[in-house]
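One chain comes next, on its own, written as structure tokens: the form predicted alone.
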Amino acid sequence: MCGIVGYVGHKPVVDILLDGLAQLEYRGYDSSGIAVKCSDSIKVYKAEGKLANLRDELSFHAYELSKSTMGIGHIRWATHGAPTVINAHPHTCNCGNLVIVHNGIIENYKELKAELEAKGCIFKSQTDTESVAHLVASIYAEVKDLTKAVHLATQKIQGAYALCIMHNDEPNKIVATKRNAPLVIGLGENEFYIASDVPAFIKHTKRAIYLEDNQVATLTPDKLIIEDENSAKIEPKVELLPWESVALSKMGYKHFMLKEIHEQPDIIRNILVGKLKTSDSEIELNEVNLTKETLKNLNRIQVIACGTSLHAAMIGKYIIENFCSIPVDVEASSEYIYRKTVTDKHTLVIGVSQSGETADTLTAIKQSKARGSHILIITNRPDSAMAREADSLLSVNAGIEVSVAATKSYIAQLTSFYLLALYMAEIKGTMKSDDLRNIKSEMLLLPQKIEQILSHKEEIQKCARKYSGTRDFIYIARGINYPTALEGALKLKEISYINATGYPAGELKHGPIAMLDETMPVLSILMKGSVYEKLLSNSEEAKARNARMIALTNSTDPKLDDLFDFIIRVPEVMELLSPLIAMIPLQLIAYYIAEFLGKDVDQPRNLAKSVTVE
């Protein structure tokens, strides 16, 4: 995840860029940089580390930059290439006349790089972004028009991106475009702002335009031109931003739920910032007050939650037991509070709630706290009532979730459970160093793997359309993904009103198999690992009863083609982390089925976002 900011107008640009980047620091702070148009050239300044380092660097150049009124800036979360000055944005072409900042992943950058190197381009960084800088510059050399060059370049680029580009030969002009990445334009008086997110310019203007995919915007101090992918001019919709602009705007998405699904890669990155720096570094959870002595004396962990949070808790149980060898019980808060509370000072009680206000869970943790248990809260609201009861607090930092059906908060809770389990394992010494390193390395790659799924949703949409007419739906899985089956079924049930149910696959033959016939879809969460073959056998049993079989898998096993009517494939991932990958297509299936059925996706009937009554 990276943050982009740009300005063209009549005000000094450096402070605008720095202030904008400061508002985007939640998107990462591996490095930062700005490019500003000076009298006869474009000046680029970069710094490794937090934004303060860039401020220090710019303080030495204050006078020469004081008259600049156009520039672009970037704050980086490293994906391709280490977080070094040379890999920091902005990137330039070889002559330095073109500069670019980028958020996203260029999937075909290796192919573009080979092609451009053959033409004589010399690459300095290890980033995917630099290939776009050389590509646009090479096209510009022929067409001599920056907007046209960007149009032509995007026809060759594959992946997700938001781009802002300047060229020294076209002063007072920024060209921007996006695909599967956010980019919003702020409208001032004879000035324009552009950024990944509205906090970057909200104090300057509340009038904004959210760019749509494949649109190209050309910004000059007195004019904004937006064109579609065919270079036809369009009249954009100007929105008036409320105070809570990020939360209350769909940012071009049809529903808040779809927007929030697409925010999930950035949510994971946001959680990992400062907590998991590299695969070799220790987990840092300063909010968690679990000392070695506390952990040594723990003989039990209880996790209490409701709804989607309960499913996250079930996966939390699996990974804590696997990583830490401590027995974990998981129970619905609504049941926990009506039986004898069996906890003591040697029990860690974890309460999980998106809002931090869920009445049943709040009551449960108060009961446990009264018995002397250490209370750890995982919530999206650090200012909530539940957080105030906490001895330790893990804030998931997912931002306000508007859609009633939880998506990004669930992924945030799962990510937090993984960090907590790894943190405890490091303190207790219950995992081998190689295993720790491998899991951390995979976790750092998860955001871009999820972005791959979100950039290629066509098969998921086809699957949703094919099965949108069903009245019932069964999800099956085993092991760590059994809760994933429950959550996938819950998402479909919540917003489409289809009677969806999740089962442990081995339980099918103990009753539910009687429901199977040619009208019943069965979705197998078939991730490679310890239970793959067993789940394959369970899927064969369902197929033998004429069920309509769907596979969600990271396997290329040719046997699947004969067994399943529809296959959704996801990127390779280790089994222990597969719930974070597997859930994304299930959220999208639920969303698209509900949309095809014309349901109110964001506000399904009979439901509320925060359940504050028992």
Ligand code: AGP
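Predicted model, so just to flag it, every value in this text is computed and none were measured. The first residue of the sequence shown is number 1, and the count goes up from there.
The form predicted together with the ligand is left out here; the points below concern that form.
Colleague: Only one of Asp197, Glu263, Glu494, Glu170 has a non-hydrogen atom within 4.5 angstroms of the ligand in the predicted bound form; which is it?
Modeller: Selected residue: Glu494.
Colleague: Quick one: of Ser524, Thr177, Gln354, Thr415, which gets a non-hydrogen atom within 4.5 angstroms of the ligand in the predicted bound form?
Modeller: Among Ser524, Thr177, Gln354, Thr415, a heavy atom within 4.5 Å of the ligand in the predicted bound form occurs only for Gln354.
Colleague: With the partner removed from view, which of 399-407, 434-442, 288-296, 317-325 is the stretch that lies within 4.5 Å of the ligand in the predicted bound form, judged by heavy atom distances?
Modeller: Checking each option against the 4.5 Å cut-off leaves 399-407.
Colleague: Heavy atom to heavy atom, is Gly479 within 4.5 Å of the ligand in the predicted bound form?
Modeller: Gly479: no contact with the ligand in the predicted bound form.
Colleague: Is Thr129 close enough to touch the ligand in the predicted bound form, meaning at least one heavy atom pair within 4.5 Å?
Modeller: Heavy-atom contact with the ligand at 4.5 Å: absent for Thr129.
Colleague: Contact between Ile202 and the ligand in the predicted bound form at 4.5 Å, heavy atoms?
Modeller: Answer no; every heavy atom of Ile202 is more than 4.5 Å from the ligand in the predicted bound form.
Colleague: Do Thr484 and the ligand come within 4.5 Å of each other in the predicted bound form, heavy atoms counted?
Modeller: Heavy-atom contact with the ligand at 4.5 Å: absent for Thr484.
Colleague: Can you tell me which bits of 290-309 touch the ligand in the predicted bound form, meaning any heavy atom within 4.5 Å?
Modeller: Those in contact are Cys306, Gly307, Thr308, Ser309.
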